[in-house]
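Only one chain is included here, represented as structure tokens and corresponding to the form predicted alone.
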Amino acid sequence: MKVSFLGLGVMGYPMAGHLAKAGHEVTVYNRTAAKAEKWATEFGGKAAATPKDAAVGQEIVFACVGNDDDLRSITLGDDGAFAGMSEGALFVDHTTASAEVARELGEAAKALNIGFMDAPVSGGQQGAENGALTVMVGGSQAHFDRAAPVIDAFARACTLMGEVGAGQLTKMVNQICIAGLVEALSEGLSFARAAGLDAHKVVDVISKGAAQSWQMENRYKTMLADEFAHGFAVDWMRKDLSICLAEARKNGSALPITAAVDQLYGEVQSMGGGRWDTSSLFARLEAMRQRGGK
């Protein structure tokens, strides 16, 4: 297909690359033009000067940017992607954003006879680079059936969750669950050290039982090695959790653990760890333990 990809960050750059490797004709746009030119040189695609230019003539326009405002900036206005898309084209948004902006853009696209799906992803930078992301989609069955075979280029699973907005709501559930898991794993490892146990042996045992999780399997070694300059940044997680907490206020759900972990991530930021991996909750606990729990 003729497709475009808007946003070449740590996720978008490899995702767009997988589309090119799968044989699609890819045009890219990035706010920093040099990065788009670099991608085009590496993968043999084209770089466009504006989102609108990238979208002209494309069957599907993919995007993965930072937040709601970033998403509006690349879709709306004279230079936005919607202004360049033909009737019947499809916009697929992989940004982790609010369900509200997904519905807003879905309505704007509908008025232009453009398709829209919110399709946030899980799997982090590693999943994007390996083409093994999990994609949760909000949109119509017809649009999903059209886009899913293309999304398969960078996904190991792609599931339609409901109408526009349902993808973002599902991603919120994902982040809520991860927040609690990472803090629990951090507490467990810190407790093991304080108790004089070999934390590596502890994980080797408990990972074969009910405590096992993706976070345990993929993060415990780097946590124990105090290595956090990788993975999904604390700054990004706090952005995501703020979306979760705002949605919870709207639907009346209680998220006490999520709210508490969000504040703990705030403490990690105050330690200078805004760009550390989310597993750096362990660094906070270890710093407390070394201070005698104060």
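Here the structure is a predicted model, which means the values were calculated and not measured. One rule holds for the numbers: they count along the sequence shown, beginning at 1.
We do not show the form predicted in complex with a further copy of the same chain, though everything after this point is about it.
The closest heavy atom approach of I206 to a further copy of the same chain in the model of the complex falls within 4.5 Å. Proximity of A33 to a further copy of the same chain in the model of the complex: non-hydrogen atoms within 4.5 Å are absent; the residue sits far from the partner. Interface membership of G180, defined by any non-hydrogen atom within 4.5 Å of a further copy of the same chain in the model of the complex, is confirmed. Using a 4.5 Å cutoff between non-hydrogen atoms, D68 does not count as a contact of a further copy of the same chain in the model of the complex. The stretch among 21-29, 281-289, 268-276, 8-16 whose residues place heavy atoms within 4.5 Å of a further copy of the same chain in the model of the complex is 281-289. Screening Q212, Q125, S73, S86 for any heavy atom within 4.5 Å of a further copy of the same chain in the model of the complex leaves a single hit, Q212. Of the listed positions (G80, G131, G188, G106), a single one reaches within 4.5 angstroms of a further copy of the same chain by any non-hydrogen atom in the model of the complex, namely G188. Of all the residues from 143-168, those having a non-hydrogen atom no more than 4.5 Å from a further copy of the same chain in the model of the complex are R156, T159, L160, M161, A166.
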